[in-house]
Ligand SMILES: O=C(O)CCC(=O)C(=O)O
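So this first bit is one chain, no partners, the form predicted alone, shown in structure tokens.
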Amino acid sequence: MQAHPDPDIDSPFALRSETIAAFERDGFVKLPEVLSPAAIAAYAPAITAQVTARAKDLPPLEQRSTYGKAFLQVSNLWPVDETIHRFVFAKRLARLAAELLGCRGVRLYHDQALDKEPGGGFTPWHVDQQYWPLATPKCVTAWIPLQAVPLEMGPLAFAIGSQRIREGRELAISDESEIRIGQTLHDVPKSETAYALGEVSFHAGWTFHRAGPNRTDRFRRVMTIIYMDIDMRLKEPENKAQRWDWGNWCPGATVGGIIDSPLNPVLWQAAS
């Protein structure tokens, strides 16, 4: 593999104890200037190229379901492109995930590009971990915009402290989840703010979140990386989505065992 072209995606990012406490309290944090403009410029084109190639045969936006209108979703890009591999394996992001989770290290669950097209619809309220056969809450998604995301482009919005709410967790992303979870969260404070270039958010697996529609004439380009505790174990799947994830993102893992398949490499580990 070639030498790393941009060291600033591997160097440590100073994380204050107050920020870790905020993540534990609120279920998410947004961190400014995690990635430099140069780093985003170096890696974004490879990610965008993969999304464009894989989405070319989709039906027109108006013919898709609510889920299909919400974003173009392309997963596990790191094995197919060396540039994306380097980005997903960035030690800066992985170390941040481990420190926020309070883990000695983190493994990759999978990566996922989520591009919202011009005119793309809203992303309904949901939690990520209802899709994942993971035994503990020690998992987190890094949401990494590949450009600045103003409010009219549909940035991620969070229900503050909602990782402790159980009602609605079982609902998949849908019109139903938008309505029912929205009712559950009616009195829960929300956070919906624009993302500056280089800003990255991390949200816990059980934190409820959504995104508004893209009202601009530009794509909202976003890469996500899902991290899990280095010692995460596979649980018995509780729904069809979790069974699918087991076979596709954790192949060969066994119920009760540590998820250490070839698709779940260790991305960062504290020195012993």
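The shown structure was predicted, so the numbers you read here are calculated from the model rather than taken from an experiment. Numbering starts at 1 and follows the sequence shown.
Omitted from view is the form predicted in complex with the named molecule, to which the following refers.
- The stretch in contact with the named molecule in the predicted bound form, judged by heavy atoms within 4.5 Å, is 204-212, chosen from 204-212, 49-57, 34-42, 232-240.
- For the chain shown alone, His126 is a contact residue for the named molecule in the predicted bound form, at least one non-hydrogen atom being within 4.5 angstroms.
- Though the partner is left out of this view, Thr83 does not reach within 4.5 Å of the named molecule in the predicted bound form, counting heavy atoms only.
- When contacts are judged by a 4.5 Å heavy atom cut-off, Thr184 does not count as touching the named molecule in the predicted bound form.
- Within 4.5 Å of some heavy atom of the named molecule in the predicted bound form lies at least one heavy atom of Trp143.
- Out of the listed residues Cys139, Leu156, Leu100, Val88, Leu156 is the one that sits within 4.5 Å of the named molecule in the predicted bound form by at least one heavy atom.
- Though the named molecule is absent from this view, in the predicted bound form it lies within 4.5 Å of a heavy atom of just one residue from Leu77, Leu108, Leu114, Val200, which is Leu114.
- Within 4.5 Å of the named molecule in the predicted bound form, a heavy atom is found for none of Lys69, Thr216 and Phe219.
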